[in-house]
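Let's start with one chain on its own, the form predicted alone, as C-alpha cells.
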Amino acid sequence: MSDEDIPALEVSDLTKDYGDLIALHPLDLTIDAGSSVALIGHNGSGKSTLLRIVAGLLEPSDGEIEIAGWPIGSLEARATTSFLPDDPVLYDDLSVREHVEYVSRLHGGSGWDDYAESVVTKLGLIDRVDDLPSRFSRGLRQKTSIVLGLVRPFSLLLVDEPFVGLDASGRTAMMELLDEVHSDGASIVVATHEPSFVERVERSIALRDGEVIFDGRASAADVLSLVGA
C-alpha cells in the first residue's frame, strides 16, 4: 500500500462516555489522505469530543484510531497532526512572534519565516506581532491560535469552530488559508456551522447525540437542517 492509499484518519468502534452520559456511540469513520471535511452538528453532538480524542487530548472509552497508519498517541501520529481548539491556549508572557518561534521549532519547523509572516499578514496581525496575545480580544486571540496551528509541520489539520469570534475579513482569510492548506496536500477536518465553508469542502459529516446521521456533500440548507434538527 502506497502512502497515498493510507487514510489520513481511520476510526474503528470509537466510543466515549462520562458515566451515564454517552458522548460518542460506536463510531466507524475513514477519511482519505488529502480530503477536506466539515464536521457539523448541534452543540453537544460530539464534534469537539471526536476532535479532542483524535488530537490525543482526551482518552476514548473504547475503540481504535490510526492517523496516517500510526496508532493514536504515538509520536508519529502526534507529529503529523495539528489541532486548533475553539478556546485558544496561549502563554501570558510571549508575544505573537515568540509564540510562533516556540511552537514552530518545538515541532521541527523553521520558526519565524516568510510563511509565518504571510499568515500573520493575511489575518491582519502583522502590526501586533510584538504584542502579548494574552491581552488581545477574543477575535485576535483566535487569529493568533490559527497562526500557531499552521506554522508547524502537519499532514492532518483538525480545527474546532475556527470562525467563532472572527469578523468578516477574518472569516474570509481563514477560509482562504484552509483552502491553501488543502491544496498543498494536507487533510483538513473542520468542526463548524459556517454554511459558506461547508459548501467549499468535498465532504460533510454530521453528528447528532454522538452518532453519524449524514455523510456526503452538503449545502447551506443541509447545514441548517442538520444543525437545527
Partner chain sequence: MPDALPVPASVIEDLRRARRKQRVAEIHWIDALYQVYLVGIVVVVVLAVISGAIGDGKLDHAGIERVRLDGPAWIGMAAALALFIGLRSGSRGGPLAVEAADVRHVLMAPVDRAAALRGPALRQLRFAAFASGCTGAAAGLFASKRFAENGLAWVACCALCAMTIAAIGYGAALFASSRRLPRWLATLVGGVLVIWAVADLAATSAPMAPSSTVGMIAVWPLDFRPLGIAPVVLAIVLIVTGLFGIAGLSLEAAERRTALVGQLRFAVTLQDLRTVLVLRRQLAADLPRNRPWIPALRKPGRARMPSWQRGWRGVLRWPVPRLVRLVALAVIAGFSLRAVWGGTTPMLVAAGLALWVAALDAIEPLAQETDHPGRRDSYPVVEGDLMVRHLGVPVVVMLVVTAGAAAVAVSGGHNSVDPQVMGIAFVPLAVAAVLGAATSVLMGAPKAVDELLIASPEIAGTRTVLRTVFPPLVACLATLPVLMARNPPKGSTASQAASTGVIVVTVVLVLCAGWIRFAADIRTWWDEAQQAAGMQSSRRPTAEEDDE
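Residue numbers count along the first chain shown, from 1. As the structure is a computational prediction, the values presented were derived from the model and not from experiment.
Just so it is clear, the following notes concern the form predicted in complex with its partner chain, a form of the same protein that is not shown.
For the residues Val119, Leu148, Val129, Leu140, the 4.5 Å heavy atom test against its partner chain in the model of the complex is passed only by Leu148.
In short, of 194 to 202, 37 to 45, 58 to 66, 180 to 188 it is 58 to 66 that has heavy atoms within 4.5 Å of its partner chain in the model of the complex.
None of the heavy atoms of Phe136 is located within 4.5 Å of its partner chain in the model of the complex. Interface membership of Asp114, defined by any non-hydrogen atom within 4.5 Å of its partner chain in the model of the complex, is ruled out. Arg171 falls outside the set of residues with a heavy atom inside 4.5 Å of its partner chain in the model of the complex. Contact annotation for Leu21: at least one heavy atom lies within 4.5 Å of its partner chain in the model of the complex. Residues of 112 to 144 that come within 4.5 Å of its partner chain in the model of the complex, judged by any heavy atom, do not exist; none qualify.
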